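Consider the single chain below, provided in structure tokens and representing the form predicted on its own.
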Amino acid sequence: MAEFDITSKERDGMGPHGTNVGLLRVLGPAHVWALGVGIVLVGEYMGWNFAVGKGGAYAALVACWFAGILYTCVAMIDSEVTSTVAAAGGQYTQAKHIVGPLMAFNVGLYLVFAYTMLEAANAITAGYLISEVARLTGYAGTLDQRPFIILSIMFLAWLNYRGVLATLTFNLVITAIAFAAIIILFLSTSGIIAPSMMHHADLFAGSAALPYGWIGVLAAMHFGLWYYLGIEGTTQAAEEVRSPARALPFGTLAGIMTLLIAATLTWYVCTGLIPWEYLGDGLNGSVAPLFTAALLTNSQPLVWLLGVGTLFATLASANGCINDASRAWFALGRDKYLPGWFGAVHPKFRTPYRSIIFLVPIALAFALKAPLDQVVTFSILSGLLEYTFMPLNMILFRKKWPMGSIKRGYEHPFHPLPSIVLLSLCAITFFAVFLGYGTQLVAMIAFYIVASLWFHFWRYRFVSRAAQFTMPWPRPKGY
């Protein structure tokens, strides 16, 4: 069977449907890394510590590593499929070509809600950080965080509106600084370049390290995902990278390796300086644990460095979330799964500007009205539903287009083991979420069921079915 290469740049300046104005191919591997790591690194600065509250310090570490395995499987699968299905929409576009329209519609919604909720969580954290900086500098009153939340989301939406190259170059710089801040804090507190400040033995004494036993380890898996949630967002750049076959696998796999290092160092530093009861209370205790750890060192340079790192991490994540959510919404509109008005590309900046603008008030509503742990949970649940789809997607992809039938930018090893491991870890995490947030889990699934019924009985009539399959692939095996 002839081998088809869809990873070339022959479609530059055009959308997959042959439209005259498409997204620009201007990004390289470093931008893909900045998109993936930029979205996720905020998970090291806030949110992961809810896992400590669920099960203790050791439970958070186990959750960190098991979630790392889950996301390594996600990164490997995404690297193969997305370097082959090189179009905006990421996993949505994969589902459209490999599984079918109803699955694609749901996956598109999973993506939009996961990134929009994460964007709201970032804005909440940015507001908290600014109020803490005001308190440390002697401000006596209670600072209203809402103007800063609104300003951060509006500024980043404007940046995304103006162009993807400037947006992700900005992400590259501030993400690198935020990652360097974690490394410097670790080196400064662990005894490598200065006397050790760690108190693991004292803080883990008795039952403190595992206060709820093994059930606590299971419960911690819920927030263990927060260390890495969003790395799959690199797929949203598929239509804007210069060489999908090279940039997407390299940026995604380098990104997950970066995050595994950052997550482990973060756990080590924070659990060695902060009592688990305070660390695990992300609402009334430590909202930004790395910043709290820096405060406990009594080092002003470290406090300012981690303050800047926390702010940059939240901005980078919110910036990447706006980019990814708008691409998924744009792809749904372009394919008429949503009103086609959302599928427009700005004639000058070549960005999905209508989708960017439309999602701003949704993010603001959650950032201003919802508690942080609820926002984090909604983001995690949407991401978890998406990861559950990926094993099915990968198995069908290899079955319909076996090795050698189409050219792949990357071929992940050990198939189908990563798919089986991913599905198993997703099942465990669903149970972990149910233990603490069962009502939210049921409500979220009910919402997606209602949305599916709406799509099936109403919206699908507007979809041009003949225009859905845009990849130049041979007929699937067995069809």
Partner chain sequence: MAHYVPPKQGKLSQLFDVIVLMALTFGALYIPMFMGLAGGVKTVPEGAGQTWEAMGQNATQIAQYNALGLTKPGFTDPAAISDIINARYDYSFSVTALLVMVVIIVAYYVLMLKFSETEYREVIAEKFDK
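Numbering follows the first chain given and starts at 1. Just so you know, these numbers come straight off a predicted model, no measurement behind them.
Heads up, the form predicted in complex with its partner chain isn't pictured, but that's what we're talking about next.
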(message) Even though the partner isn't displayed, in the predicted bound form is F430 close enough to its partner chain, meaning a heavy atom within 4.5 Å?
(response) yes
(request) Classify S424 as contacting or not contacting its partner chain in the predicted bound form by the rule of any non-hydrogen atom within 4.5 angstroms, answering yes or no. (result) no
(message) Is it the case that Y448, even though its partner is missing from this view, gets within 4.5 Å of its partner chain in the predicted bound form, heavy atoms only?
(response) yes
(request) Give a yes or no for P371: in the predicted bound form, does one of its heavy atoms lie within 4.5 Å of a heavy atom belonging to its partner chain? (result) yes
(request) Please name which of the stretches 361-369, 187-195, 320-328, 247-255 has residues with heavy atoms lying within 4.5 Å of its partner chain in the predicted bound form. (result) 361-369
(request) Only one of I357, L102, L143, A176 comes within 4.5 Å of its partner chain in the predicted bound form by heavy atoms, so just point that one out. (result) L102
(message) Counting any non-hydrogen atom inside 4.5 Å, which residue from M394, A75, M117, V85 sits next to its partner chain in the predicted bound form?
(response) M117
(request) For the stretch 451-466, return the residues whose heavy atoms include at least one within 4.5 Å of its partner chain in the predicted bound form, in the order they occur. (result) A451, S452, L453, W454, F455, H456, F457, W458, R459, Y460, R461, F462, V463, S464, R465, A466
